[in-house]
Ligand code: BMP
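Encoded as structure tokens, the following chain is the form predicted on its own, with no partner shown.
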């Protein structure tokens, strides 16, 4: 991805028409669009293809299964045009390698979840985040997901993964600070509801960008 704006749009809407309208309206404000289960299950896999014709797409399916199932999931979404995929580390190295190998076959990026941005992640994910970050390095993932809601965790993960990419969810509706996350070591901020739920999405995106200048 180009690091023009350092923003990734989390497009968690359920209408394909609404999604494509937003992507077109917000061109130039985001370096990539993150599409997950809500939109894909509602609109079908074609929405990945159509969105990727406008902007790079990261498929946020948090892939977490046995190696063969992981492979099939990645083949489907990357074959539809996604340029990156997000996977969980906890199923183990063999499962994560299946994602990495498929991503490599498609010339795509693999991002590994180390810790999510909601409060509940502190119960089980936070204690294992360092191990999951090390596993991301072992499989040569492009980067990891670390929470903008807890900048200290971003610093810790950065110390483990070196110069790999950190994409950070939680800015906006979840209360994460864009500036604090970037200062802690995030490369990209993932922003969703505070943009697509705004009365004027482009204006909200512009105002966020201005705070980063």
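Numbering follows the first chain given and starts at 1. Since this is a predicted model, take the numbers as computed values, not measurements.
Heads up, the form predicted together with this ligand isn't pictured, but that's what we're talking about next.
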Of the residues 164, 155, 62, 49, which one places a heavy atom within 4.5 Å of this ligand in the predicted bound form? 62
Of these, 53, 66, 173, 41, which has a heavy atom no more than 4.5 Å from this ligand in the predicted bound form? 173
Contact of residue 116 with this ligand in the predicted bound form (heavy atom, 4.5 Å): yes
Using a 4.5 Å heavy atom cut-off, state whether residue 144 contacts this ligand in the predicted bound form. no
4.5 Å heavy atom contact, residue 25 to this ligand in the predicted bound form: no
This ligand contact at residue 10 in the predicted bound form, heavy atom, 4.5 Å: yes
Would you mind picking out the stretch of 180-188, 164-172, 41-49, 66-74 that comes within 4.5 angstroms of this ligand in the predicted bound form, counting non-hydrogen atoms? 164-172
Which residues within 29-51 place at least one heavy atom within 4.5 Å of this ligand in the predicted bound form? 34
